[in-house]
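Shown next as structure tokens: one chain only, the form predicted on its own.
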């Protein structure tokens, strides 16, 4: 049985549509990341699931039952807010126990539940501290523990790592994923950080302008972006505008064969070739040539910026490769995508290059 189903969820503010006809089915124990830039509708979607915003159209079902008319406190959901919203005058223990007390649980049951949550989130020994005595990571774990003790069917996380520094974000990202899998709780995780989404999610829903652009696994989102927006938003991508000619897309001096199974609409003679830097390979016999203008050290690899006449392209090479500025290079493309009217029309692999 599906844990969470969104059916044509829509929210408008005046004449502006914040979320438009979003439909998603999320299975039990699955972690979905809603990913997109600020204002794309991801947090509005999350808050509609939690009951903090009322949709104008559509439905929200948990285990097949509509919850769209229920207030937040009656929904089997729990939210971890971006700023955690811990009570500053309460200890860690009291913050975690607060929701259980509202449910009139016995003192013994509260004690056991809170103790278990402290162990689960790595906080034993911190129960007498106050929020101002906690690090950012500890505060984040308290907020997570406070949500989990309510035993929700659906856990909602609204950019929970955005207030942490880079190294702590990495550690807490892994901890959240580990806890989510141990508890096996269906989770919706909102973020604007693509690396975060790729690392933590079972599936990613990429949103733009209130629309769901693509819903797929992290691997498919990265290797087969369904729209030009997804291609440009996820990872590092060369986007090369060109004109459709007989069997090829001509991007300045670079020609790319149109894959045989490509489905061009024929409504335009323009297309965009999208190719990731790691799919461009230095090749002495390659069909493309240019001159290196920059070599950017990114730690685990280098990015070469190559002037290929009317196009600047980025080519990924190994960290130890020394390719000085001014070097003339030839290169080939192992894989690239053809987009027309903003939609993926075909993908070429290996020797499909013109």
Partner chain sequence: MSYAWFLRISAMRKALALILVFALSCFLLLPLFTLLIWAFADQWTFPSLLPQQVGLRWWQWVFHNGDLGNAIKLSFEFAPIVTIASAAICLPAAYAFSRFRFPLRRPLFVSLLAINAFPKIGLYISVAALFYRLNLMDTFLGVVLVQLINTLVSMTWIPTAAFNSIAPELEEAAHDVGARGWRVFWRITFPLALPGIIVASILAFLASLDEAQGTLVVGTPSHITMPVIMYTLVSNYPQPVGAVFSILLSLPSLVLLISARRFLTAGYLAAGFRVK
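Residue numbers count along the first chain shown, from 1. None of the values given here were measured: they were computed from a predicted structure.
Quick note: we don't show the form predicted in complex with its partner chain, though the next part is all about it.
Although the partner is absent from this view, residue 119 stays clear of its partner chain in the predicted bound form, with no non-hydrogen atom inside 4.5 angstroms. Looking at residue 146, you'd find a heavy atom of it within 4.5 angstroms of its partner chain in the predicted bound form. Taking non-hydrogen atoms only, residue 79 approaches its partner chain to within 4.5 angstroms in the predicted bound form.
At a distance threshold of 4.5 angstroms between non-hydrogen atoms, residue 247 is out of contact with its partner chain in the predicted bound form. 85 is the sole member of 85, 281, 170, 239 with a non-hydrogen atom lying within 4.5 angstroms of its partner chain in the predicted bound form.
Checked against its partner chain in the predicted bound form, the residues 74, 132, 128, 107 give one hit for a heavy atom within 4.5 Å, which is 74.
The stretch that touches its partner chain in the predicted bound form, counting heavy atoms within 4.5 Å, is 90 to 98, out of 212 to 220, 90 to 98, 239 to 247, 268 to 276.
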